[in-house]
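Below you will find one chain, with nothing else, as structure tokens; this is the form predicted on its own, and questions on how it binds or moves follow later.
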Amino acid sequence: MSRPSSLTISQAARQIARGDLSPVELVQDCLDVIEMLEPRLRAWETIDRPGAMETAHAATNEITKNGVRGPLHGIPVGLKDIYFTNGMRTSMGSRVYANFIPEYDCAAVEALKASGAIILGKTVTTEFASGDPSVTLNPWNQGRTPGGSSSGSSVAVAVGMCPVATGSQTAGSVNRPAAYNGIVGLKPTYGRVSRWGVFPVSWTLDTLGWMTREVRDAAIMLDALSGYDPRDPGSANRPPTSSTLSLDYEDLAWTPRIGIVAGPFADLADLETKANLHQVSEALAGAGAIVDFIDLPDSVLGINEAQVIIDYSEAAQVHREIHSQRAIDFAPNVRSRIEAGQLIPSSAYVQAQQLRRRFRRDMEDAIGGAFDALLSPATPAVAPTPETTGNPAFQAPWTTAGLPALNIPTALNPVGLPLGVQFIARGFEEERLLRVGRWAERTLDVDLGVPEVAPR
């Protein structure tokens, strides 16, 4: 019999609603897995055992009396350690904020608590969600990176420490670690989810996202966290999504129109990655999808460089005051990013923002009514060795454009490392994106299993 910690959100929610599983049992089993594996994988910065169990008991009592609030009621969640949590240490993975304890919850935590979710603690992030590798190890091969910056969240979900964990993406920090750990990752449209109370990397790029074990779970999280928030200047004035409902009532005869991304993506991918994409596209076409190649617009040239200019320039402003006082306490890559950002001329920043707007417009037009979503490899190659968090080149264009991206696992390579693909849609078309992802997930029917390090 499967242990509770191996369940998806959807599976656990159904059992909780029926009374077959209590939040106390689920949280306790997740904590047991954490206790077993955390010394080896180092996915957590803070584990709130007493608080999680107290909330689980309260949720169990509430559900017994009144039923469930929704699909997240009683579900344990890991939070990337840049999400402010009232009374819980939030360190940003840095010595600079090693003992910082916020006095309020960020908007995402407010929404999670309102839904009845249970906060297990804070997962490891690279320092300030930037480029220095974290201490977390990849459970599929501890000699490979788990990716970053949301490294702890991706590992926690992959091995059953929790069914969902949050992340953030400024270049590739949700989709890339999800791909390296063989799980689902969703980065919504820029502005779809409030970032209020989440420590910034780059104000005009940062997007909150999360990792789950299946596409439907990613939709559950989107429905809970999406919506307009005037406290976030980047928040889009859009209502919350109802993507889970659209998945549950989908037309089973429907098949998607998919555009395969070529250009620099084909040039950067290694042979193994190209072969995996070919196998996936053939399988989707064989199941009835309309699959064709799409040529990227000329504005893609230089878009990754534009992302770096925007990222570094804004990071220099985010950290300007504290860097002037405590530069020596910053990790090397973060410090060099800040100091490089201080040297970028304003004209270069303006040009980068102009290219960004042009690329988004061009991509919206290219996808248009011809495709439901685009398809590309999730990463140029499988997870590299841990002196780096991996190459974000396959995520950064979509992050810079603010478009939603969803990745799903597709295979293990001959040495047991996950391979995956990602789907990209027009802005604010997450429901369509998730529908494509769910269809592909069912069609491919891939189960990577649990990494050997995890209990079965």
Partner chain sequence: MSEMNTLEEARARAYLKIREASVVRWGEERTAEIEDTLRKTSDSIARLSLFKFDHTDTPGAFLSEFGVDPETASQGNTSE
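Residue numbers count along the first chain shown, from 1. As the structure is a prediction and not an experimental result, all values here were calculated from the model.
Absent from the display: the form predicted together with the partner chain. The rest refers to it.
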- Note on the structure: Interface check vs the partner chain in the model of the complex: of Val261, Ile119, Ala289, Ala352, the one with a heavy atom inside 4.5 Å is Ala352
- Query: Can you pick the one in Arg213, His73, Arg144, Arg356 that has a heavy atom within 4.5 Å of the partner chain in the model of the complex?
  - Reply: Arg356
- Message: Check Ala401 for me: does it contact the partner chain in the model of the complex (non-hydrogen atoms, 4.5 angstroms)?
- Response: yes
- Task: May I ask you to state whether His319 is within 4.5 Å of the partner chain in the model of the complex, using heavy atom distances?
- Result: no
- Partner proximity in the model of the complex: Tyr312 to the partner chain, non-hydrogen atom cutoff 4.5 Å: yes
- Item | in the model of the complex, His278 touching the partner chain (heavy atom, 4.5 Å) | no
- Message: For the interface check, one of 278-286, 368-376, 178-186, 332-340 should have non-hydrogen atoms within 4.5 Å of the partner chain in the model of the complex; which one?
- Response: 332-340
- Using the arrangement in the model of the complex, list in sequence order the residues of 75-112 with any heavy atom within 4.5 angstroms of the partner chain. Phe84, Tyr104
